[in-house]
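Just the one chain here, laid out as structure tokens, in the form predicted alone.
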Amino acid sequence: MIRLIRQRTIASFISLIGLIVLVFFLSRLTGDPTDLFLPIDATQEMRDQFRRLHGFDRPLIEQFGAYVWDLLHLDFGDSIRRAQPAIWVVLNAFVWTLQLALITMTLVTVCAIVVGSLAAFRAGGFFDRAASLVSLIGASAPDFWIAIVAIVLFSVQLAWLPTSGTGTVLHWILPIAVLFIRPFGLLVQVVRGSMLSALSSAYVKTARAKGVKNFPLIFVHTLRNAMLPVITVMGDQAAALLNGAVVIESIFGFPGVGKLMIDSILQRDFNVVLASIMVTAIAIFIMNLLIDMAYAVLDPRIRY
């Protein structure tokens, strides 16, 4: 187990280094922040002073070296727009994204496991066909289109739900519902396929011959052995929720790290962009590590 964790940590660290290099240089291609933060009639002296203050007057490779040196001292730089440490700006927004992702993924996991397991147990029946149809539609529908349709229907036409913000429980319903649909559709299909394979195993037939009731047969005897491919997809979808929240948060005006990232790119607030990417990447790396550990718990052979 320790060897597995060490290998995954080293691989994640190497990926993070490559990500920092890529994002740093690509973000500089968006333009000079001076044009956004200073008035049109600013003098050349004011522009030069602004660039010196934020280090934009130095060669790009020297800027990168200075940024890496600061990172080694856990200094992510300051936000130009907000005049405060970039890491605190990102962490405050990331809390909102993490809450949104955790609530959505919890609902997706519970609902998909129940629906997929019951569909597999009654394979070919009405419930199985209905669940397969709904899950395929959900897995195929684009999030941004669903979000726009949901706003038009539930916020504009029916006036049941607010279009943006986080003030009440009602503000969370549309973002969670939109983010729920795609991973639910994918996970139901995976759970169903994995459970169908497990239900045809010899040990399940033996349990049935011994008179084991349906509920413990599905959710105790069969589910654990069917969970490995399900956990893989769960991890992928959880990471997709963190990344996909960029679009959904922008549409619903949700104050998460996705919306912050988009705003910071448009504002050329480079330190916030880099901090947002790194915090999101580290969260995904930690999530993948936890998934690997879950593999080892479910299947002891993986530990070795």
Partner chain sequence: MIETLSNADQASRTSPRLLPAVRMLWRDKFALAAAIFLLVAAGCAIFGHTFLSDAASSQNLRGRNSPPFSVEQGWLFILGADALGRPLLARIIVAARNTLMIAGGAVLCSMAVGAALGLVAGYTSKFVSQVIMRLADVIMSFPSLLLAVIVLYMLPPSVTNLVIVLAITRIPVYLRTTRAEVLEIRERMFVQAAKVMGASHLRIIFRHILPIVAPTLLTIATLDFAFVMLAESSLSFLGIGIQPPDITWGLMVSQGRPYLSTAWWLAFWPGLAIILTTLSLNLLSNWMRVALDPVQRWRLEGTSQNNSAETAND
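This is a predicted model, so every value here is computed, not measured. Residue numbers count along the first chain shown, from 1.
The same protein also has a form predicted together with the partner chain, omitted here; what follows describes it.
- Partner contact region in the model of the complex: 131-139, out of 111-119, 131-139, 70-78, 87-95, criterion any non-hydrogen atom within 4.5 Å of the partner chain.
- Annotation: in the model of the complex, residues T104, A238 and I286 none come within 4.5 Å of the partner chain through any heavy atom.
- Looking at A159, you'd find every heavy atom of it more than 4.5 angstroms from the partner chain in the model of the complex.
- Residue contact check for A294: none of its heavy atoms lie within 4.5 Å of the partner chain in the model of the complex.
- M46 falls outside the set of residues with a heavy atom inside 4.5 Å of the partner chain in the model of the complex.
- A residue is said to contact a partner when one of its heavy atoms sits within 4.5 Å of a partner heavy atom; V246 meets this definition for the partner chain in the model of the complex.
- Although the partner chain is not shown here, in the model of the complex the stretch 175-190 places heavy atoms of R182, Q189 within 4.5 Å of it, in sequence order.
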